[in-house]
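One chain comes next, on its own, written as structure tokens: the form predicted alone.
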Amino acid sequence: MSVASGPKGTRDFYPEEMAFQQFIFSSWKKTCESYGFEQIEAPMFEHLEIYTQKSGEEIERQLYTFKDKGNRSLALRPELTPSLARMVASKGTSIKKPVRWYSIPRLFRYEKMQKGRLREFFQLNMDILGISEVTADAELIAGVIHMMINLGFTSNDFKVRISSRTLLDQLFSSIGIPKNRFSELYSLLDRKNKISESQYLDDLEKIIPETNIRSDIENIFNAESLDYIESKFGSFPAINELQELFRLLKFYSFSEYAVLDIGIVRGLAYYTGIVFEVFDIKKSLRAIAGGGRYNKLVELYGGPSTPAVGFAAGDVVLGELLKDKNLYPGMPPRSTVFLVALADLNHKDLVATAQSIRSSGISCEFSLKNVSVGKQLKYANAARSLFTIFLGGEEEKQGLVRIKDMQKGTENLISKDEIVSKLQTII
């Protein structure tokens, strides 16, 4: 085993990668806070039971699990929603609702790696708890759309594909599928695009041996509108809810970003109502984000009955799409100002000037080695500094310094006493 690289499915974040990550994170935070969400965090590992309780023992195959020194079964978190539900449940009725929380957790899943999927990754989570009305679903779908817009994407780049587990439940019941087959059917439908057509059809026949019912399922998933579903299968309460959701999205001016896709089912068992996923237009990548209603999860962990809706967006797929679309502006300046010391400058004065600039809240650096002016300018370029200030020489004797705009190439003489005030006006 080589230790030159990290464990399979993980990443090293050098300054370039870290800057790219922080570009994404800062945009995420901007979106969440503009919508009035508060940030939370939870433990990086949880009791294994928190995941098996909602998903069954088979989920353990996808987790990094271990025993602690007390022989307790623990797992590195693969998602944050169970932790969030546990946190809300632990507060009982004392927590003020509605809850509007966001988080950017580091997560772990032991699974096959492919483009857009690693074993260690980060996610943005936005959740609203305590609101049963579809207005909460609309607010969160607006939030995920706004998140994409803030990163530079347009309606030509992505779409939010919306469905409803409630409507699917009602449709499946109406065509004669027993409820005990629903979870297995949802699991298959969720991985439909990840397996071959022949495997999908074989697996579907095992779950639904009746030919006529399989034909009805195909009709359901070929539906392109709620009107078609209503004309083919009749009226259902969940249709009205989806119609209301699309009406609300018009109020946000986000209609062009959202489409009906009855084939979106979300494989996780805890979803109870409207579900949605965000895909690039070409669907060349995995889902960028996904979420929906999970009204029973807080109660599952011992809390009061609490309606809830949320979504998660992964940084890996999003990063791939940002690079594909050339939307990353590049690394920001390492320091705003670089001080270049001429030969006669006292090191004490160099440090004092730097500290004065830093104390004003402006980033500043200088060469820690005694090198030529040319070498110092190379350092300034490497630091991507916006401005270079030359200290020392004849101008210093006159109480002046030369400031150079590194982007425009222009230079000006200013009073040494005005360095900070001048920088504050031009930055």
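The numbering used is simple: start at 1 and walk along the sequence shown. Only a predicted model underlies this, so the values are computations on that prediction, with no experimental measurement involved.
Not on display, but discussed next: the form predicted together with the RNA.
Any non-hydrogen atom of residue 200 within 4.5 angstroms of the RNA in the predicted complex: Although the RNA is absent here, residue 200 would stay clear of it in the predicted complex, with no heavy atoms inside 4.5 Å.
Residue 343: touches the RNA in the predicted complex, heavy atom cutoff 4.5 angstroms: Result yes; residue 343 sits at the interface with the RNA in the predicted complex.
Distance check, residue 46 to the RNA in the predicted complex, heavy atom within 4.5 Å: Residue-level check for residue 46: no, no contact with the RNA.
Contact flag, residue 360 vs the RNA in the predicted complex, heavy atom cut 4.5 Å: Residue 360 lies outside the contact set for the RNA.
The unique member of 65, 367, 27, 62 whose heavy atoms fall within 4.5 Å of the RNA in the predicted complex: Looking at 65, 367, 27, 62 one by one, just 62 meets the 4.5 Å heavy-atom criterion.
Residue (of 179, 250, 232, 115) lying close to the RNA in the predicted complex, criterion heavy atoms within 4.5 Å: None of the other options qualify; the answer is 115.
Triple contact flag 161, 282 and 422 to the RNA in the predicted complex, non-hydrogen atom at 4.5 angstroms: Looking in the predicted complex, the three residues 161, 282 and 422 all stay beyond 4.5 Å of the RNA (heavy atoms).
Location of the RNA contact in the predicted complex, chosen stretch of 135-143, 234-242, 267-275, 93-101 [non-hydrogen atom, 4.5 Å]: It is the stretch 267-275.
Any residue of 301-332 that, in the predicted complex, places a heavy atom within 4.5 Å of the RNA: Stretch hits: zero.
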